[in-house]
Each structure stands twice: as C-alpha cells, then as structure tokens.
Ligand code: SAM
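Okay, so here's just one chain, in structure tokens, the form predicted on its own.
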C-alpha cells in the first residue's frame, strides 16, 4: 500500500514532505483551505492553504519564544494584544504571565473552532480563560480604529500571502505602534530567514522606520525547514532588550513558566544574530 504524503507549497524551488498516518480534518473556511493530519514524528500537523502552521510536537519552540521574549523583557505587562494566533498556542504562553487581559484578534473563527476540537493541547483551554477577550475581526481594521492601549503586541500571523499579507505592511505596524503604551513592545513573525530573506529585510525596514529600537531575535523550529525562524522586534527604548542575566533570573523565578525551549540564556542569546541575518539590517 502506497504512503500518502503532504508536501508544503511555500517555496517554488524547495519543499518538505510529511508522511500522513491519518487525515484528521480537511475542508475550507471562509478564507482559506485547512487540513489537520496525523504523523508519526510530529503528531498532528496544521496546514493552511498548503503551508505548515504548527505541529503538536514542536509548537512550543515557536510559541514560547514569540510570547516570553517580549513579556519577560517588558517586566510589568498588564495588557497584551495578539493578532492572529488562531491555534491558541501563543495565548496559552501569554497567560502564564500575571497579566490582566489578553485581546486576541483573529479573522478566521473557524480555525479557532477546528483547532480547539482537533488540536486541543495547543490552546490548553486558553480561549476559555476569563482574561481572554476574543474578537473575530480583521487585525488591520482593529489597530486602525481601536482606542485601546497595550504593553505588548504580538503578531502571530500566517506567511505574507493570502489573508496574512497585509499584516507585514508599514502602515499596519505604524497603526500597531499607536496602540502601544510607553515602553511597549511589538513582535512579529518574519519568516525563515534563509528562505525568506526579503520578508525579514522588509520587516526590519518597516519597524526601523517606526521604532527607536528595531531588531530581530531567533528561534529554531524543526518543522520550519531550512533555517532559523526570525522574529521582528520594535520598541521605543533599548533598555528592554538589555536586561542583565541576574534581572532575567529574578523575573523568571517569580513567573515559574515551566517552559521547554525558553530560558534566560536563550533569551539573551536570541538577539545574537548570524552574519547573514545581521546583514539584512543594513538599510540603504
């Protein structure tokens, strides 16, 4: 009997394939195609429009880093805005902190519902937490029109194609910056830099036009093949990024985060970039 494979369609000249044990769910939402399938190595895998979003086994590498880097760096976060993040993994990690409120703005309600049903470990009940305020609407519209202010904004979007494309524009980041409190921090996924260097370069350029401190930090996510996962960072001070090891340890000892990837050494090291990624910050 032949084995069925799922091949990701993100790049025209490179693909990775997953051996499918079982199709758990397959269909189309109002906005995008969705499939969840079982694999032997990565557990259940979520793909949207043919692009891998996350897996049960290695999702913590991504979600811990996109959440804990900015929240620990800030040190006194009360309100968080998550744009995207329909699988719930980022929200789950954010709620490990003593925040007052997490607003999640997600365009596609069906993704949330399907992930809660078929990938429940990702959200871990986070959407039912009383601190969660879920808004089903367009993130661009929300940040343009809202009067709410946040300490942290996390843009946990899909890749810059389809519904996620507009979430990489300078006007979107500028509208996000208006929603930040003083010393607020914005972070955004900016792709696997070895394969998506143009995305990372443009992300940095946009953030650099808006924030006093624009940078990248890194994570290694096994599912995202061919390089480091890069996150964009924007803040209007450089103090948040320059926390001493002792202060990091002090903050983390209070939090008891119970993480598998993130720790104080990884926090500090995430901002030390390989030369080929550092070079993307050279704006002409």
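Positions refer to the first chain, counted from 1. Predicted model, so just to flag it, every value in this text is computed and none were measured.
Keep in mind that the form predicted in complex with the named molecule is missing from the display, and what follows is about it.
Using a 4.5 angstroms heavy atom cutoff to the named molecule in the predicted complex, all of 46, 111 and 157 count as contacting. Only one of the listed residues (207, 83, 185, 80) places a non-hydrogen atom within 4.5 angstroms of the named molecule in the predicted complex, and that residue is 83. The partner is absent here; in the predicted complex, the one residue of 69, 218, 61, 52 having a heavy atom within 4.5 Å of the named molecule is 52. Residue contact with the named molecule in the predicted complex: residue 93 places no heavy atom within 4.5 Å of it. Among residues of the shown chain, residue 151 is not one whose heavy atoms approach the named molecule to within 4.5 Å in the predicted complex. Taking non-hydrogen atoms only, residue 138 approaches the named molecule to within 4.5 angstroms in the predicted complex.
When the named molecule is considered in the predicted complex, residue 103 lies well away from it, no heavy atom lying within 4.5 Å.
Judged by heavy atoms within 4.5 Å of the named molecule in the predicted complex, the contact stretch among the candidates 208-216, 84-92, 123-131, 175-183 is 84-92. Contacts of stretch 178-202 with the named molecule in the predicted complex, defined by any heavy atom lying within 4.5 Å, are made by 189 alone.
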